[in-house]
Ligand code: HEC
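Let's start with one chain on its own, the form predicted alone, as C-alpha cells.
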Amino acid sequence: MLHCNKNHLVVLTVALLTASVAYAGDSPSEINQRIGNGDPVAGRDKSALCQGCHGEDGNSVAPTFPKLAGQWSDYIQKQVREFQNGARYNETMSDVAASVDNFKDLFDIAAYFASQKQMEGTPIAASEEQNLYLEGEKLFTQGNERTGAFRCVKCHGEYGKGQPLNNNLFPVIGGQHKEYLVKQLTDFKTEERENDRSGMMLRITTRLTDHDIEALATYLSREPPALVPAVASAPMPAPTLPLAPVVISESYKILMEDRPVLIEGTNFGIGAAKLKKTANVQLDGVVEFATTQPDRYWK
C-alpha cells in the first residue's frame, strides 16, 4: 500500500515504474525458504553428476531435461525419492536417483539448485507466437469457465514463479523449457505420470486441450513479448477520466484536496521490488489525472 503526499505523487509514480527490478522470488528471504535444510555449498560438488544434464547452475540446455535453477529444494527431493521408489520412471533419471543413497547428500544437492537465481524464459522467436502467449496467459491467470479449467496461478504463483511462505507443494514452472512443460502436462493427462498429490494434476489436465497445453507452455517458457497482440486493434480515444479500475474512492475529489492520498491495493509482489500488474493500472490512473491538472502537479 502506498501512502504519500500528492505533491510528490507523480514523481514517485515515475520512479516506481522505471526502477530496475529483479525476478520475483529471488529475494534473500525467498532463497532461504527454497534452500530448506541442505547446504548449498556442499551441494555444488555433490551435484556434479546432475549438472551433466541439468546444467552447472541448474539451467539445462537440452529441453528434455528440466531446469532446476531456483526450484524448491523440497520439491526436488520429492521427485528424486519418487524416481527411487518407482512412483516416477525415466530411463536416465531413475538410474541417477538410485545412486543418491544418503539423505544428507540429497538435501545438499537440492539446496544447491534451489539457491540459484530462478530459471528464466526465452524470448518469443516469431510474431505468430504472440497470440498463443496471450491465450496461455489468460488460461494461467483466469482459467476457463466454459471447460472448467482451473487457473494455474492459484497454486504456482504469479508468472509461475512459485508461491511464497514456504509453499513448496507446487513447483516453480515459470521459465521452464516449453517442450518439457508440454510433455509433463500431457503425461499427467494421459496418466503416464501419476505422482501428483491426490490426482490434482490429472483433474486439471483432463480439462485442457492439446492447444491449451501448448498455449500454457508457451506463456510459461517465454519472456513477455515486446509487442502484443500480434494483430493490432484500432487505437482507443484518449480517456478524459482516470483509467478504470482505479481503486481510489472519489478519485478526483480526493486528489484535489490538500491532504495525503492513500491508494489502496497498489502493492509490490511479496519479497520483491516489482510492482504487481494491478498497481501499474492504478498508478496510470493517477498519472492521467495529474496531466489534466498541470498547474497543480507540474510546478
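On a predicted model such as this, the values are computed, not experimentally measured, just so you know. Residue numbers run from 1 along the displayed sequence.
What comes next is about the form predicted in complex with heme C, which is not displayed.
> Heme C is absent from this chain, but in the model of the complex, do I31, G43 and Q118 each have a non-hydrogen atom within 4.5 Å of it?
Looking in the model of the complex, the three residues I31, G43 and Q118 all stay beyond 4.5 Å of heme C (heavy atoms).
> Indicate whether heme C has at least one heavy atom within 4.5 Å of a heavy atom of L216 in the model of the complex.
Output for L216 is yes: heavy atoms within 4.5 Å of heme C.
> Find out whether any non-hydrogen atom of F150 is located within 4.5 angstroms of heme C in the model of the complex, and reply yes or no.
Because a heavy atom of F150 falls inside 4.5 Å of heme C in the model of the complex, the answer is yes.
> So in the model of the complex, is heme C close enough to P66 to count as touching (4.5 Å, heavy atoms)?
P66: contacts heme C in the model of the complex.
> Contact with heme C in the model of the complex for F188, defined as at least one heavy atom pair within 4.5 Å: yes or no?
Contact with heme C, yes.
> Could you check which residue among Q142, N195, S127, T206 gets a heavy atom within 4.5 Å of heme C in the model of the complex?
Looking at the other structure, the residue within range turns out to be N195.
> Does any residue in 35-65 get within 4.5 Å of heme C in the model of the complex, counting heavy atoms only, and if so which ones?
The stretch 35-65, when checked against heme C in the model of the complex, contributes L49, C50, C53, H54, T64, F65 at the 4.5 Å heavy-atom cut-off.
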